[in-house]
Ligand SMILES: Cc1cc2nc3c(=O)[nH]c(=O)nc-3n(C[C@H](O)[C@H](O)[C@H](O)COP(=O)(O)OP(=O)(O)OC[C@H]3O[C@@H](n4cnc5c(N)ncnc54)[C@H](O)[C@@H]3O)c2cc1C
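Let's start with one chain on its own, the form predicted alone, as structure tokens.
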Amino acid sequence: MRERSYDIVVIGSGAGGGTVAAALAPAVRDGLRILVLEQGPRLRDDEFSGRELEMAAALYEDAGGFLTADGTMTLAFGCAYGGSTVVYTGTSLIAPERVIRAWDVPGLEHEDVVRRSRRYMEENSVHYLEPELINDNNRLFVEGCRKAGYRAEQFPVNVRGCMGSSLCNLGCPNAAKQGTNRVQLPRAEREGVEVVTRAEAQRLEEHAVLVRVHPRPSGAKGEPSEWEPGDYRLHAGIVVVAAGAVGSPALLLRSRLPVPLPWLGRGFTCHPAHILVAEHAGEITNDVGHPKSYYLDRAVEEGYVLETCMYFPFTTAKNLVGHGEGHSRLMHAFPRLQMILVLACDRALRENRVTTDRSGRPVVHYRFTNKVIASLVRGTRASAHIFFAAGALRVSAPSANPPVIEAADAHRVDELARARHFKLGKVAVSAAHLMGGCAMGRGAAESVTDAWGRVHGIPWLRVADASLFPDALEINPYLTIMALADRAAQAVRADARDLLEAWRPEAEP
């Protein structure tokens, strides 16, 4: 096993790890050795082809097919240089005050989250899209909301020079989306931070990370790792874990931590979601332009959020209910399909958690509550009303009976879409906003870290990603993760001198 030594090792390169890397990069000029480990590959610009199956395999954990323990929900999260910032649509919202206040974390103030979020909005070119980039799918949503009595709001997105390819979820082929792979990580590397890809952090030991660097598989996308394949023990004065709401708890659970953390892995949550489609009489622009430009926020009133979306044929096909001729007819109508994503706003429950199996791989246990199912059904009804108000001929609704509602039955939507028709295992549910598992809080009995990401009782260990959330965020977590990661980096800078001076006499050369 090869032995190397760094002052700071950051595990993960997404919104959390990439932010920490850039925030700490100036310390390289002061002589600190900083390393970022990323389990996924680093892709060249010309490798972002937009082909659905090959990009899913290259950019997502388990090619986008990671399932909960009971198989009822798919968890989509990135595994590449830049993490999930490479594969999400760029929507960038600031956390609501009511959410941060309800978290009740001593030392965490909403004003601070807002200030840091606004800085990263500017840094990552967050703005409202120009009207010419708004496609029919989004315009129909706005029109349908207005006619159905709702108010749609526009998403600010982090793009620069968007060409409207609509391929955000497959990695932007035009380098327009300003994720950490385009902004924070390149800047950190220019300032001397080292980044190693295809590097899997297997477990932590006292001031050390055990890492396996994997070879590039034959025919796979992405560059070979910057290091030779093999096993490494990395001695580190400070370790910042930012492997995501699945990866971070799993890594800590695999590790020989010196203090008990009973809340570790507990409180996992997400936004369970499913896709609804509606067929129009004529073709609409749904696969050009930015796919996710508008949303309807009913989180407080009814427990759901609706977002415009556009998913490609394979993903759309597996999300449609039914089979045979009816399924085929809808898929052949793809150029005429309007799409809405229904997201339920769940709460963190102790029993919803991340564990590991015998081989150390993460296992996510998630139970759908009646409240979540009710929120998804209410969102389905609202979506159907919006579709029909926008002129749709028929709506495919997984929690309705029959599952395809014709325009002639538009007045019966609330009667046809009922919770008893929502059958887990038969309705395709996915979740992209994964949160919790290393929650911030007051002490080790009820949380894993403090408000600055310091793991209770382990001064050299920090967490800086969405696993910090003590409860669900009602919106896309991108900016909130960056804000909390920025706080974690500030705490590392404040503590670094004392921690590193205490560690270096025993550090391996």
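Numbering starts at 1 and runs along the sequence shown. Just so you know, these numbers come straight off a predicted model, no measurement behind them.
A second form of this protein, the form predicted in complex with the named molecule, is not displayed here; the remarks below concern that form.
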item	value
Contact check for M339, A382 and P398 against the named molecule in the predicted complex, heavy atom at 4.5 Å	no
Heavy atom within 4.5 Å of the named molecule in the predicted complex - the one residue of G179, G144, G247, G265 that qualifies	G247
One residue of L461, I34, A58, L37 in contact with the named molecule, assessed in the predicted complex (non-hydrogen atom, 4.5 angstroms)	L37
Which of 247-255, 225-233, 367-375, 344-352 sits within 4.5 Å of the named molecule in the predicted complex, heavy atom basis	247-255
Proximity of F77 to the named molecule in the predicted complex, heavy atoms at 4.5 Å	yes
In the predicted complex, P477 touching the named molecule (heavy atom, 4.5 Å)	yes
Touches the named molecule in the predicted complex: G437 (any heavy atom, 4.5 Å)	no
Heavy atom of S84 within 4.5 Å of the named molecule in the predicted complex	yes
Sequence-ordered residues of 177-204 touching the named molecule in the predicted complex, heavy atom within 4.5 Å	A199, E200, A201
